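One chain comes next, on its own, written out as C-alpha cells in the form predicted on its own.
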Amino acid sequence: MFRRSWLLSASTLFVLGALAPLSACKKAASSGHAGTKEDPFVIGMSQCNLGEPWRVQMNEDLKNAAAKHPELKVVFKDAQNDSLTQRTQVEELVNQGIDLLVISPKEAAPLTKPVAEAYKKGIPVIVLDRAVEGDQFTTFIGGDNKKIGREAGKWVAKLLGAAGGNVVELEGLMTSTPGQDRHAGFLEGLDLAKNTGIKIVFTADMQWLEPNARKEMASALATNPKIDVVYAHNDPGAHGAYLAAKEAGREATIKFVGIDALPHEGVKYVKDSLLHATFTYPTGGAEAIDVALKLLKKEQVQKKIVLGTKSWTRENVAKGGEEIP
C-alpha cells in the first residue's frame, strides 16, 4: 500500500487544523510520491455504483484522461450502490496514503463526514456529480441539475401547449441531490400555476434504474388511461418507461423525455425515435483529471465548477444537438 512518511510537530498540526476550513484549495499532505512515471501521484476514485451506464462512462472518461499523464495512477473503488460501503472505501483510500480523492457520492449526508475527514487531513477532495453537505471539500464539479430539469420542464410545457396533458415523473434517487434538483427544476419549468392544463398524474422514485422504471411505468399505465408525457430523471428510466408502454401497446401515444444524453444511449434513443428528447448531463470525468493536476501542482481552483448542457430532440439530433446558454 501507499504509506505517508513525514513527521509534523504538534504546533504545525494545530496550525494546519486551524487553517483547513479556510483554504479554498487544500495542499496535499506529502505522501512521498514524487509525481513521476516511476513514482506517480495516486488518485483514489470512489464511485457510488457501476449499475448505471452513465457512471461507467464517468469512470471511463476519468481513466482515459488520466492515461495521458504517466505521473498519475488512479485506484478505482465501486461502492455497489451502498453508502456504508462507500464510506468504508473512502476511509481505506485515505489510510492507503492517496494524494487526492475524487468521489461521486451515493447520498449527501452519509458521505459528508468521511469527505470532511479526508479534507481536514490535507488531502484535496474533488466531489463529482453529487454534492455533500457543508463545504469541507476542495472543489465540486458537476452539471446544473436544476437547470437541466428546468429545461426539460419548459420543453414539456411547450410540447403540451395550451391544451395541457397528463405527465408521469419517474424520479432518480430522491435522497441524492441530482434527483432533488431535477425534480425541483422540472416543476419550475412546467410552471403549473400558469399552465393549469398540465397535470402530474403519477410520480415514483425509480432510483436511476431501468428495471425499476419499467415496473413503475407499468403501474402508471394500469392506473392512468391517458398519459401524454413521461419525464424520467435519466435515460435508462425513460427507456424503461418506453419498454413498459410498448408492452402495453401504448408507446405511440406517449412522448418520452430523459436526461444524460450518452452517445450510445440517450442520443441513440432519440435517433431511433424511442425518446423524443434528452438533455446532456456531462460526467465530469475528464474535467476531474484536469483539476486534479492543478491541485497536485498546488494551484488554486474554483470551489464550484459547473458544466454545460445541450438539448437533443428529434428536430436537432442530426445537427449534434443544441447548446443551452
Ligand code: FRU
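Predicted model, so just to flag it, every value in this text is computed and none were measured. In case it trips you up, residue 1 is the first one in the sequence shown, and so on.
Quick note: we don't show the form predicted together with the ligand, though the next part is all about it.
- Of the candidates Tyr119, Phe186, Trp208, Tyr242, Trp208 is the one whose heavy atoms come within 4.5 Å of the ligand in the predicted bound form; the others do not.
- This chain is displayed alone, yet in the predicted bound form one of Glu216, Asp129, Asp99, Glu171 has a heavy atom within 4.5 Å of the ligand; that residue is Asp129.
- Residues Trp54, Pro178 and Arg182 are all found to lie within 4.5 Å of the ligand in the predicted bound form, as judged by heavy atom distances.
- By the criterion of a heavy atom within 4.5 Å, Tyr281 is counted among the residues contacting the ligand in the predicted bound form.
- Not displayed here, the ligand is kept clear of Asn59 by more than 4.5 Å at the level of heavy atoms in the predicted bound form.
- Note on the interface: of 44-52, 270-278, 65-73, 290-298, the segment with non-hydrogen atoms within 4.5 angstroms of the ligand in the predicted bound form is 44-52.
- Contacts of stretch 245-268 with the ligand in the predicted bound form, defined by any heavy atom lying within 4.5 Å, are made by Asp260 alone.
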